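Encoded as structure tokens, the following chain is the form predicted on its own, with no partner shown.
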């Protein structure tokens, strides 16, 4: 898949306030030093270290104060000091800040107690950022920490990759819109949940989502809708219609309109997944069972979208945990079961969320991770060590 898809072209400049989650498109370089002046790391008194070493028992006259944004601009003489606060400018002729907790305060003077500090408690110019330093480079997805870092350097906007345009369909004659009164449901009809789940899971991804609604089980309608949407989108995501039933038309439509890269994975849940291309638009035909839709979206489609947005491929976070409930599994396919992990003094423990049938969306209620079961594994007993993939790492 990654050998086939290509990152989207085009960039845009966005305000720093709108940059979280976006992919950096060009180098971001610090225009200034931070701090741009020598700043105090603590509340205390700024003085000349040699002066105190020569007169350790003397009182020092306080000749002024330096607050953040309101610096002391004068000069000190022998046995003089300046009251200074954290983050405030340290006068040029001072090379030591003595902590206020180690002073005896007199009327307009102080006496310094305790041993001479081992450090100056002065942050030099550029202590955090040196002007010209590379703060962010192409491919990095900005987070809240990054925007704070850039704001501290005085940066107000960033050049980022344009968002991937994603269109979302669901398929099936049985689907009706949520909100339809229950008494109006006909025999065999169900509410459409997959499309809303997919749209919600894409909310934090670097993409613009268009909700195209539900497609009827009609081969001509499916082909027409996919063809039209492929002209406006970089990626199309469908759910349902990719298995081997008489009413499954998505896979054939992809093959007819473009090319089918692969169909079916050695994965549980999520075996009937189709990946292909129509012109320059990539298509992910996700399975129709709700759990299968979520698993394949998180494990296959979402990483591909992130890559198209300019983010390099990366492995999701995996950690080991001790199983506290048994898992039934037949060797042959890798499986992702829904679990709840908890942290204890001895490490992580994880339990499955009940019956893991692929139609049971309720298995995600309270779940905070996938439990990875290797394809070679049989049944897993309580106490087994398993790998878990926390949802926080999968959702970006």
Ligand code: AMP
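Numbering follows the first chain given and starts at 1. Note that the structure is a prediction, hence the values are computed from the model and not measured.
Form predicted in complex with ligand AMP: not shown, discussed below.
In the predicted complex, residue 296 stays away from ligand AMP, with no heavy atom inside 4.5 Å. Though the partner is left out of this view, residue 289 does reach within 4.5 Å of ligand AMP in the predicted complex, counting heavy atoms only. Though the partner is left out of this view, residue 175 does reach within 4.5 Å of ligand AMP in the predicted complex, counting heavy atoms only. Taking the partner from the other structure, ligand AMP in the predicted complex has no heavy atom within 4.5 Å of any heavy atom of residue 146. With ligand AMP omitted here, the record of contacts in the predicted complex names 235 to 243 of 235 to 243, 91 to 99, 77 to 85, 157 to 165, defined by a heavy atom within 4.5 Å. With the partner removed from view, the residue among 113, 228, 193, 180 that has a non-hydrogen atom within 4.5 Å of ligand AMP in the predicted complex turns out to be 193.
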